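Take a look at this single chain in structure tokens; it is the form predicted on its own.
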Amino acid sequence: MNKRILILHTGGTISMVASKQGYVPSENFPARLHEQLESQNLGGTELPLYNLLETDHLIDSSNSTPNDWMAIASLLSQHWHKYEGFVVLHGTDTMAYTASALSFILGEIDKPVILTGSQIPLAKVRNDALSNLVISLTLAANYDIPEVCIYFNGKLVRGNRSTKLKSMQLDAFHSPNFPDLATVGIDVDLQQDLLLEANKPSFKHYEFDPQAVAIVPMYPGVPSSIINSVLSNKKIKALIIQTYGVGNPPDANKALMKRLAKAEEDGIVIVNLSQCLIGGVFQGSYSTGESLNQIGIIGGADLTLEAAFTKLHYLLAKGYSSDEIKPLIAAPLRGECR
């Protein structure tokens, strides 16, 4: 095998070691990783050629920001023509956000970009890190997968369809509203018909405002002052509300509905997502949901929270106006919704 794969290390549990303060990044992770991979590759033919590149600052992914998405995308674009595929090591907590964001930032691509990590650090004797990385490398080198994906515990899922479902189990990630792209057991069962079409990429740089998008869940008795408080930040350009069932808000709360209507009139893009993980929004199936249609709030179809959040950031970074963004919310740009 002579394909070359770039492993981009951004941080996360996979590279951490135990300390008195809990898990922290390891200073000698590259050497440990190389030793572990070579122990799996004694015949010298199983794994592809690879290089490891670390970002300037390794982070616990719970500290990631929209600017980190662009930094990762920039590194990938700089090395795009040198490698046949890419494996991004990332913390699990916000991996689905980064995978979703990269799918929009990179756009149409012609090579695999596979994010992976682990629930147990590589430094532990019993870990899921080595298997996740070895299989990610194998997939990146041997299969035509022209999109951003997450590989974890035997499943390859579309990045912008993924969410972290479990905090303590090894099968942490799930694709709630779209089939898995591949399952990996004794054999690799790749669903070729589900993959996006390959195209030559055209990379662009985007400036993200971390304060541009906010999220407010609905809950019994939610006051309108919550919306007031959030929107007191004048940098917010888009708001995601998480309602019940198929997209039903508490429309009997007239003050809340009036405040949402005012925000929409003020040019804030408001997207309605369901709090249910599986299914999505069918806004207007009930009269409560129809009240959002009357206001002008956009139903988010079956977008994950991660995909909706990153898609809004991406569209705003492109300079689109509120009126330009609205029809694009429920329209698939990179296979992120139905």
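One-based numbering along the sequence shown. Note that the coordinates shown come from a computational prediction; the quantities given were computed from them, not determined experimentally.
Separately, the form predicted together with a small molecule exists; it is not shown, and the next lines address it.
Residue-level contacts in the model of the complex: of 103, 136, 118, 243, one residue has a heavy atom within 4.5 Å of the small molecule, and it is 118. With the partner omitted here, the residue from 92, 175, 153, 127 that has a non-hydrogen atom within 4.5 angstroms of the small molecule in the model of the complex is 92. In the model of the complex, at least one heavy atom of residue 62 sits within 4.5 Å of a heavy atom of the small molecule. The stretch among 228 to 236, 118 to 126, 209 to 217, 248 to 256 whose residues place heavy atoms within 4.5 Å of the small molecule in the model of the complex is 118 to 126.
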